[in-house]
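Just the one chain here, laid out as structure tokens, in the form predicted on its own.
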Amino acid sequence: MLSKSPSILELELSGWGRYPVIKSYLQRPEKISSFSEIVQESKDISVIPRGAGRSYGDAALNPKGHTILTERLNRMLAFDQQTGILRCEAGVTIKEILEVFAPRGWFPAVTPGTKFVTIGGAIAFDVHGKNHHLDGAFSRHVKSLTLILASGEVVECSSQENSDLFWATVGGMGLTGIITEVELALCPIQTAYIQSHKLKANNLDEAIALFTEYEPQYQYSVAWIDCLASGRSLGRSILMLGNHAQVDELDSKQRNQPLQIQSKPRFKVPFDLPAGLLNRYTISTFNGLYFARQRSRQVQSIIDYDSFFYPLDFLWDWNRLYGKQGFVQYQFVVPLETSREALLKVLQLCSHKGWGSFLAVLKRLGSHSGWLSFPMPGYTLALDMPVKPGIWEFLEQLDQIVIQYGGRVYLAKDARLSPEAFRSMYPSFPKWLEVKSKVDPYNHFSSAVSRRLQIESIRELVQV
């Protein structure tokens, strides 16, 4: 049995939300050839790859099965300075790409709100960034990827080659195989700075109007939103827009080294905050102060990319702010034509029930990509909420609103969605399942989320 191997450890694991916590057998191969061997030798045991562990819920967890860590697959393999095409192993993180290539004038074409994610994980969840409305999801910039299938076969796929497997792997949560190598396009930059423009919106309607007015002028856009405000202030927000700054927009000091930024100290949260500290009163107070801190309606500045894209990365383990029981992030997207009404209902419910989030984020998304990819044209709202009594019932109420208005929940953040709700939200699931059943008919690649959502059985292919 593989579980008795000295190279395998049984440990407790969780996602970034620290909920749920499960036991799994961990393996950390040192080279790509070992991954194929593990897959072939573990036919009777389910496996799932895991990158940096930054998905929030249970997608990279495998109760009683094997979790294969990809962190040793972290080599840069080739780079074309003329085209910006990088080939690297799947365990390389966005942070490592920034450290190597930002000083050379290249930047990730799409980046999520943290740089501590692996490239393999970014593909497995088809992550999106502040520029999705213009530049699409991460998969749009992936030229090709190498995948180890359940049979042990190694295949290359892209949007042109083995395209069905490519689009099933993009957003497929590691359930089609193990991504080992990736070829992706970086985008050119003149500086390591962002031309930032902050705008205050007094309510949701004003926020949507500002998005519509200003987004054509900016590559990046996002908004912090007060999800506990009510009445005329319902949905009050601060929009943060940005473009990559040009050299002539920098001050004299910045122009000396336009592609270099000063490293910032990172801090640790020394202990788990007490349960109950984050409640409607403390969050409401924080939100009021945060909104009032920006006194002017508009603020323009030049800031480094770290401050613009990764404001939470300076706090090493900010997930401890939610206490020992952890938290869930509820992120959903609704189509553009129903966005306003759906967002109003969600915000009204949050305000009425007192389920607040001081890290609530609003963005506009663009076109859809993979069959299980999250984005669709519309607005997405992300809410962080501590795990405490009443949370599951409240989130089920949000599910019903999202389904009613034709939206979906982001599986990378989810830890509790029902199989029925999942099927309502992801109409392309049958296409994904058809590919899964061909390349992994016995569900060798399996995880807590695939079992919870009941998306494993090959018999279901006949039923859908």
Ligand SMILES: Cc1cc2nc3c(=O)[nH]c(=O)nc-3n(C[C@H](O)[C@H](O)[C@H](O)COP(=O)(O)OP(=O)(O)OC[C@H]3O[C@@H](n4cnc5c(N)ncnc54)[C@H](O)[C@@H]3O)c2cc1C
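In case it trips you up, residue 1 is the first one in the sequence shown, and so on. Bear in mind the structure is a predicted one, so any value in this text is a computation, not a measurement.
The form predicted together with the ligand exists for this protein as well; it is not shown, and the discussion that follows is about that form.
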Flag residue 408 as yes or no: does it have a non-hydrogen atom within 4.5 angstroms of any non-hydrogen atom of the ligand in the predicted complex?
-> no
Does residue 372 reach the ligand in the predicted complex, with heavy atoms at most 4.5 Å apart?
-> no
Does the ligand get within 4.5 angstroms of any non-hydrogen atom of residue 363 in the predicted complex?
-> yes
Answer yes if any heavy atom of residue 416 is within 4.5 Å of a heavy atom of the ligand in the predicted complex; otherwise answer no.
-> no
Counting only non-hydrogen atoms, which stretch in 113 to 121, 198 to 206, 247 to 255, 344 to 352 is within 4.5 Å of the ligand in the predicted complex?
-> 113 to 121
Using heavy atoms only and a 4.5 Å cut-off, determine which of 142, 178, 192, 168 is in contact with the ligand in the predicted complex.
-> 178
127, 228, 86, 239 - the one with a heavy atom within 4.5 Å of the ligand in the predicted complex = 127
Select from 39 to 72 the residues with a non-hydrogen atom within 4.5 Å of the ligand in the predicted complex and write them out in sequence order.
-> 48, 49, 50, 51, 52, 53, 54, 55, 56, 59, 60, 70
